[in-house]
Ligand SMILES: Cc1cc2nc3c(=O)[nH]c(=O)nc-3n(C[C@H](O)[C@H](O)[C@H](O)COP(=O)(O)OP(=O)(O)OC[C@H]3O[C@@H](n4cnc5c(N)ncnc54)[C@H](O)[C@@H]3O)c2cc1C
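Shown next as structure tokens: one chain only, the form predicted alone.
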Amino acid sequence: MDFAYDAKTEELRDKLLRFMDEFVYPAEPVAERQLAEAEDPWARPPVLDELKAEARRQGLWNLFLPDPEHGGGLTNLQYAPLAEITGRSPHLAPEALNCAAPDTGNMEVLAMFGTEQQKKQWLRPLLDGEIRSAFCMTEPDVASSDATNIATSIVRDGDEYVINGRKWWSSGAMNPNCAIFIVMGKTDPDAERHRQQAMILVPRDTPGVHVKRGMHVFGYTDASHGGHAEIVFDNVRVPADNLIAGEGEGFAIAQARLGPGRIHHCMRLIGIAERALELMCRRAISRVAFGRPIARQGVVQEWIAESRVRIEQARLLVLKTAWLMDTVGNKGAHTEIQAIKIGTPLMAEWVLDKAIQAHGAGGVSQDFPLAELWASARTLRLADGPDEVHRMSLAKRELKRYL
């Protein structure tokens, strides 16, 4: 692979870096103040609408979607350094560019598998940033790290499907603008293990949909991801046309959705780690302990050097993975996707931990973004498949060559 960014990527990087400096970073304290004043803990700050309008005006919109008919038409390799930049302000920048999870994955599902009517009704408003969406897969009563455990039922009844089940950690569902859920459940529990599931579109206002509560992440609402909800589906009826792709296709759709989702998270984590390292360096230079700046303490210098090494290693593996996804497809890049999903959150978590330590008590306070960023990085060791599942699968692939 060529390690140089192509001309299109460089052009977009320059534009995005200016956008971050001129609009996003100045908006961070404004957003924080607006959220503190909001009555709804899941509200989105009004300044975000201004950022979205400016991003769209500048052509920094839907960059994540490789389909040129609907998105930016960028390859994974072209998008990677752009997603990294948005990771430096993960609570504002991704959504400002309409590149925030879970909408990105849901838009990819609709673009790849949706009917023309589904695209018109739901994909178009999502692409235009008019509505938000949620992804309902994880369940409280089963180990959802094995997606075949999903117990929610999706049963055909004439021209409708009836949905019953309980979900939690349904990302995006607490967003006030969330209008549509993509729900994964079982249409045929007696079918072959990976052909039991399906995905179906459920409008939020459908009778029988009960959003019980928003889940907190280490005490944070995680409102930048639209929050994560516990939802009960009680005899929810939707038209049969709301089924995506067909009965038995849910597991395959989930795999197609999670590959890009995992690498997008890892791309942004590189940016999070870069910002943590920057904050650590600035703090180390400005803080004096025992008569000299802590930047002159050997242990702090070791943290800074090790952070740079770990970030560069992770970035190169993420770029390699993006390149493979572009050249041999998601299936061909399966090993690397799992490797970055294991390694990148661990890297970001480590760098953030050292940055927190360098900040002292301030590092765990609301006066710096580090604590909330650490909570996000730690959570990603569970989201989109826990570390242990990826390690098990990766080890099996390695051992297969010797068996």
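Small disclaimer: the values here were computed from a predicted structure and weren't measured. All residue numbers refer to positions in the sequence shown, first residue = 1.
The form predicted in complex with the named molecule is left out here; the points below concern that form.
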Within 4.5 Å, heavy atoms only, one stretch in 139-147, 305-313, 71-79, 192-200 touches the named molecule in the predicted bound form. Which?
139-147
How about W122 - does it come within 4.5 Å of the named molecule in the predicted bound form, if we only consider non-hydrogen atoms?
no
Touches the named molecule in the predicted bound form: A395 (any heavy atom, 4.5 Å):
no
Does L17 reach the named molecule in the predicted bound form, with heavy atoms at most 4.5 Å apart?
no
With a cut-off of 4.5 Å between heavy atoms, is H264 one of the residues that contacts the named molecule in the predicted bound form?
no
Under a 4.5 angstroms heavy atom criterion, identify the one residue in K186, R283, H91, H228 near the named molecule in the predicted bound form.
H228
The one option of V217, L324, A223, V162 with any heavy atom within 4.5 Å of the named molecule in the predicted bound form is V217
Restricting to 365-403, the residues within 4.5 Å of the named molecule in the predicted bound form through any heavy atom are T379, L382, A383, D384, G385, P386, E388, V389, M392
